[in-house]
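Taking the form predicted on its own, here's one chain by itself in structure tokens.
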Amino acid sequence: MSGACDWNPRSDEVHHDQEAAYDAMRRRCPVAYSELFGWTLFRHADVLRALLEHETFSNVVSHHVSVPNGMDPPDHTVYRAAIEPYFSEARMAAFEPQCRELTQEMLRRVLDVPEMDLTSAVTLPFAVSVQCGFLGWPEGLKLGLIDWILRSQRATLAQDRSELSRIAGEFRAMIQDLMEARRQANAGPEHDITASLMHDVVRGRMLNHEEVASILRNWTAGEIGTISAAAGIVVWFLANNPELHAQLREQRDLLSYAIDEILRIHGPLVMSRRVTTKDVEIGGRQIAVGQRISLNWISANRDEAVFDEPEKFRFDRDPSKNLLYGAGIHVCPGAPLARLELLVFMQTLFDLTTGWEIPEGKPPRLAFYPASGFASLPMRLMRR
């Protein structure tokens, strides 16, 4: 199965700088095999093909229920229709004031700190706070969720199956408690999003516990780490690009595009999985049916064949080519929420500060797979 183009995703080179390592793989061996990931696709064209040919590259990659991420049509179509309304324009408009209030409250607590690790002090608490606010979860869960996410990342890196199973069990128990509290209170669908999911009907029946737990897991484990990484990446990028920083402070209407472009250059999510449903040739490699496929988002969005001068920020790029939120039928349903959260975060940071800087002699520490962005990001905020 393997050959001369194999690579080691756990090598020192990858741990030192994921972006540089993935860029090198895209140029040297764009379809590569490893025991950890199976086949990895590094080129934009190959990743996009896998996204659009969903009959050949299946999302059913696990025996565990994953709604709707780990489903193919027709199941995916039915469950996707049930969850899409939660990310409607009206829902986002209704959540925006609470999102802004939570963000302001969180940032005001750290403005007088002379120097901080932005990841642990700001971006991760921010991501947890706004996600709990969106789902209607209590304040007391936030610290536990942060610990849970960090332990999950460590176990994924170590491929510790027993620890991953135990961590998953902890999350199921937490969801069980949240759902039971709503049952005891006879909470209707208007109570919060968690209660609303418990009343959703698919194929003539309400979603069962396993399905609700799967959705909520995707909306927490799948979102919090990525939002935290994305917020840190944008702040870091603007600290290193003062002219763009100044421009965005003056021209706030450019901020939404700028966030997506910055996150194209420095992706907050490393990869997603697929499995082949038949023998297929891609990138000159023959891949058999039933093989694991990893779509490398970071590399695809830095592909020179699609993005001229891919490491440079530009306002004239075609946003439709940016795979930040995927493409095809599995394009991220939560993209409107992610965009809202990141926009509000940056707007609030602009409102409350005159700027920020990385302290001299204290470089950031890059995150390892499965995380992206920064494991630690020393930062000094200048209060307005």
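Note that this is a predicted model, so its numbers are computed, not measured. Residues carry their position along the shown sequence, with the first being 1.
Just so it is clear, the following notes concern the form predicted in complex with a small molecule, a form of the same protein that is not shown.
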Can you say which of 233-241, 151-159, 67-75, 106-114 gets within 4.5 Å of the small molecule in the predicted complex, counting heavy atoms only?
67-75
If you check in the predicted complex, is Q131 within 4.5 Å of the small molecule, heavy atoms only?
yes
Using 4.5 Å between non-hydrogen atoms, is G334 touching the small molecule in the predicted complex?
yes
Is I83 one of the residues lying within 4.5 Å of the small molecule in the predicted complex, judged by heavy atom distances?
yes
Taking the small molecule as it sits in the predicted complex, is Y33 in contact with it (heavy atom to heavy atom, 4.5 Å or less)?
no
Contact check in the predicted complex: C99, L141 and T194 versus the small molecule, with a cutoff of 4.5 Å between any heavy atoms. Do all three pass?
no
Checking I287, L269, A258, I293 against the small molecule in the predicted complex, the residue with a non-hydrogen atom inside 4.5 angstroms turns out to be L269
The one option of Y325, F37, F350, W356 with any heavy atom within 4.5 Å of the small molecule in the predicted complex is Y325
